[in-house]
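Next up: just one chain, as structure tokens, the form predicted on its own.
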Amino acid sequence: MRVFATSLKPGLKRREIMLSLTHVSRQFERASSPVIDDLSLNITNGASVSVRGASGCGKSTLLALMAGLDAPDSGDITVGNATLTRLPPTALDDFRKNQLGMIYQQFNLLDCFNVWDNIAFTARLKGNYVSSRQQSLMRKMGIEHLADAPLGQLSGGEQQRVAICRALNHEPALVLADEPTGNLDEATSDKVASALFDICQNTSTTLVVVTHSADVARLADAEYQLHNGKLHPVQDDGQ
């Protein structure tokens, strides 16, 4: 078993551990091997991590475990001072409402709300909604002109940017992103990904991104490849 800690890029200071996975394994019924296999990982507060890997290798499962949406067969997952694998369901719900921002590959937006109310939803639920903060997020994501638009008028890429704003709007301590630019063209992907990483860095928000894009992955403080249930650090080649 190997323990991987985030190797921060030059100029970044060491911080306290925000997210810790210790000997985590997950295997599904009828599978011949674990999708996550005795995996340990430490991510410091405010750092960003990217995970790449082949389709079906377990990247989304890894995010679900980090979010407490799935439980490992063995091992512990800790976010801040909370060990998710030991929390009752109601406490897990509170953790996700107050501390977690999720960016889903399929958006998971609310069709009955317009763009503004979709983005405001989690912040209002948490009780820290601030109109000016939301306006700033929408401006950075290039969707400030869509505030009153119903979801049915939006492209897939626009809906993804709404989902990103919603995940950031309640100022979570941890953001988990599943292919956050997967529905965007290359130029828009670069702009949105840079904004996502910049916002998280400026607010000391820990960010874990699952992506197929090498360009997006390189924006992270630490890059990993998920293969055979293990995380392998990707070394910076200086380019």
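Small disclaimer: the values here were computed from a predicted structure and weren't measured. The first residue of the shown sequence is 1; numbering continues from there.
Omitted from view is the form predicted together with a small molecule, to which the following refers.
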Could you tell me which one of Ile199, Leu69, Ala173, Val35 places a heavy atom within 4.5 Å of the small molecule in the model of the complex? Val35
Note which of Ser50, Thr181, Thr61, Thr205 lies within 4.5 Å of the small molecule in the model of the complex, where distance is taken over heavy atoms; exactly one does. Thr61
Answer yes if any heavy atom of Ala54 is within 4.5 Å of a heavy atom of the small molecule in the model of the complex; otherwise answer no. yes
